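The data below hold one chain only, encoded as structure tokens and taken in the form predicted alone.
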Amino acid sequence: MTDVWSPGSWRAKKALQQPAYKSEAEVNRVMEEIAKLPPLVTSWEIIALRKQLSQAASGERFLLQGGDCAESFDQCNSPMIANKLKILLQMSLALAYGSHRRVIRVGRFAGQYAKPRSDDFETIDGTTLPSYRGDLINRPEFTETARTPDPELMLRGYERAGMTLNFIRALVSRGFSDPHRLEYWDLDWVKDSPMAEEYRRIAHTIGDSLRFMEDVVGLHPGEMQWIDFFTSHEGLNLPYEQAQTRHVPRHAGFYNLSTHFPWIGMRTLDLDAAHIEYFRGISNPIAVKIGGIVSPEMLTRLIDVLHPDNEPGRLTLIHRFGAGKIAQFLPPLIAAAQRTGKTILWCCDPMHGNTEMTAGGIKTRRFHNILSELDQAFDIHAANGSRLGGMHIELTGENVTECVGGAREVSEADLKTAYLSNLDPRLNYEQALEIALFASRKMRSMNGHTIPA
């Protein structure tokens, strides 16, 4: 690493997982156009999130990060956005009840349009074309036109992200997220869910407590700001991220104003490559996905590069090993991070390490493995003098059958019923809420309490 950094200094490094655009001039034209457009988020929102993440690292808050594996442009509509918001609200309510901590709500939305791929090309019936890398890059249809990376899609991604953010902000600011109006948070197709009764009991308990508090302190519905919502996405397509990286008035440094909370994925985690170079210079709070390929020595160097000033809330490590490997790999990494003396927020992604293929060739995840990895993560951190401060979940508001198991016992045979993801399998509403209720009970028991039946 050199000391000289700029939003484009990553270009001097090896850039992994980048699309092979045909025209560099067209890429530059699109970047220049995006750079002139209004920011999608503001620096003061980013600073507020960084403060909340620092509180999560000290045990005052808990991070809930969730949303689609990859958003698609054609799903930028009010029902789908509202349903994802409802799930995150319900999950956060359960988590707050169990943990006795305020919950940071971060959506994998308004920008999660690009995905890394294991292979650059895909072959079907003898025809080889570029792999689908998300709507920010190309299209899923298996045609040469659809699979050719198109810089213009970066503009479409900016526009869809702006529409999504506008709708979410309108909902959150106008009573949709008010806990007094929990009926707004219900999804029609899950009224008879096995999870519904436990959730409703928690919701009614919280509602009674809020009414009591308001009577005591003299406040009434509408007089309190209940919910903050933040956005996150993998900072994968570096031209798109660079185009929205700017100086802002009255703050030093550069901010990525496409999202509040960008992260580095496992496939771009190369200490000498472009993504680390880009991320080290932005002032946003950042996250890094870490798995079995990360050694204690590599993690120490990573922390030195990305977290040199030990700024509170700066760095979140999202571990993803798989239920069968977390006990082997996580403890040495916790010890390595502790030796640096720096404050880290630890978050568990129990999804990606538990991906598998069925005998029929369908990509899925088994719910009991997801639950097991999260359960072990809480215990391993506690046993090693650390703290699990968050969880990172891929979920959807659609009535999908993509992950096996859960309260309704989705089977492998059921997967074909409603498998809608173009990429990774997601938890449906019931499975996501079950995860939140489990984590709620787990944190409450670790605090020396039990949730009454």
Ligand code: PEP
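Since we're looking at a predicted model, the values are computed, not measured. The numbering used is simple: start at 1 and walk along the sequence shown.
Below: the form predicted in complex with this ligand, not depicted.
Chemist: Using heavy atoms and a 4.5 Å cut-off, decide whether Lys115, Arg320 and Asp424 all contact this ligand in the predicted complex.
Modeler: Checked in the predicted complex: all three residues contact this ligand.
Chemist: Go through 118 to 126, 151 to 159, 296 to 304, 258 to 266 and give me the stretch that gets within 4.5 Å of this ligand in the predicted complex, heavy atoms only.
Modeler: Result of the contact check: 258 to 266.
Chemist: To verify the annotation, which of these, Ile34, Leu40, Cys69, Val27, has a non-hydrogen atom within 4.5 Å of this ligand in the predicted complex?
Modeler: Looking at Ile34, Leu40, Cys69, Val27 one by one, just Cys69 meets the 4.5 Å heavy-atom criterion.
Chemist: Among His352, His381, Lys342, Arg280, which has at least one heavy atom within 4.5 Å of this ligand in the predicted complex?
Modeler: That would be His352.
Chemist: Spell out, yes or no, whether the shortest heavy atom distance between Arg105 and this ligand in the predicted complex is within 4.5 Å.
Modeler: No, no contact at 4.5 Å.
Chemist: Answer for Lys289 alone: is it within 4.5 Å of this ligand in the predicted complex, judged on heavy atom distances?
Modeler: Although this ligand is absent here, Lys289 would touch it in the predicted complex, with heavy atoms inside 4.5 Å.
Chemist: Does Glu373 reach this ligand in the predicted complex if we count a contact as any heavy atom within 4.5 Å?
Modeler: Although this ligand is absent here, Glu373 would stay clear of it in the predicted complex, with no heavy atoms inside 4.5 Å.
Chemist: Any chance Glu234 has a heavy atom within 4.5 Å of this ligand in the predicted complex?
Modeler: Contact check for Glu234: yes, within 4.5 Å of this ligand in the predicted complex.
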